[in-house]
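Given as structure tokens, the chain that follows is alone and in the form predicted on its own.
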Amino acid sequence: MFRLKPEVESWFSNIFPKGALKSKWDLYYLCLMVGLGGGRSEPVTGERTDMVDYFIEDYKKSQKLIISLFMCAELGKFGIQFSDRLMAKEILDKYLNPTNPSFLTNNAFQRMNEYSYGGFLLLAENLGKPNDQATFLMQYEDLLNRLANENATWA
């Protein structure tokens, strides 16, 4: 299940739901990309909001890309190269379930939620609470590009 902590929604409250940010999945995605790009994951404990256990229609076309970025982050975290087929398969088997519509295992949901929350913390630390969506999205892009360029897995 994809999950958000209430503090995430609160932090985005001045710009959500407005304009380009229409669903909780939009918030989740923004945080997830920063978490993956920055290589930061944090445990998701305490109060949290259950969203869905599938990729909503707006993200269905990007599902495989999102999962691939997540898998790259996990392989990179453990220093596993794709050429190391045995170790890569072990990670893939841990996180991928071809019979689930999301293609994810419960372990994958948990880890993706941790990356999303880690991304939220990076956003809060680097940008402060947003007040204007256009300004936030420009700052977001700059931060994501910087984190991705500094991340050995993504660079």
Partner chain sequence: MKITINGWESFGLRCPDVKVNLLKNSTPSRVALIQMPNGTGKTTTLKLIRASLTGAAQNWSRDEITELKSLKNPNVQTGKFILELSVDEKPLVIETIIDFVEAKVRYRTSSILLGGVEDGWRPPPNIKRFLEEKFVSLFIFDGEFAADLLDSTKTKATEAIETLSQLDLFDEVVSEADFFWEKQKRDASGTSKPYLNSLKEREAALTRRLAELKKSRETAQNDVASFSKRLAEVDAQLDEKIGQNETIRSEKDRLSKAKSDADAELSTALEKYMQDLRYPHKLYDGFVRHLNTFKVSLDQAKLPDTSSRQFFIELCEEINCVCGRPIGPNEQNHIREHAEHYLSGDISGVLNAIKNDINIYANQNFDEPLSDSRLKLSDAQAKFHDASTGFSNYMLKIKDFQDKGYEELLKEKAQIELEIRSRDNFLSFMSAPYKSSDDEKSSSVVSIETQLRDMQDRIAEVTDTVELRERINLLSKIATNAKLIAKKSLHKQLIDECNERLSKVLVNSPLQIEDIDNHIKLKGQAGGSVGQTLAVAYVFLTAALHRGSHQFPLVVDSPAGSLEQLVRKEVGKVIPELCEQFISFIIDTEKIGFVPALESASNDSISYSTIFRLNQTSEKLIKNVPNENIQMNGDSVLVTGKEFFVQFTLDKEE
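Model, not experiment: these values are computed from the prediction. Residue numbers count along the first chain shown, from 1.
Not on display, but discussed next: the form predicted in complex with the partner chain.
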Answer with yes or no whether G118 is in contact with the partner chain in the predicted bound form, where contact means some heavy atom within 4.5 Å. no
Heavy atoms within 4.5 Å of the partner chain in the predicted bound form: does E42 have any? no
Within a 4.5 Å heavy atom cut-off, is N107 in contact with the partner chain in the predicted bound form? no
Can you work out whether D26 and the partner chain are in contact in the predicted bound form, taking contact to mean some heavy atom pair no more than 4.5 Å apart? yes
In sequence order, the residues of 109-134 that place a heavy atom within 4.5 Å of the partner chain in the predicted bound form are F120, L121, A124, K129, D132, Q133, A134
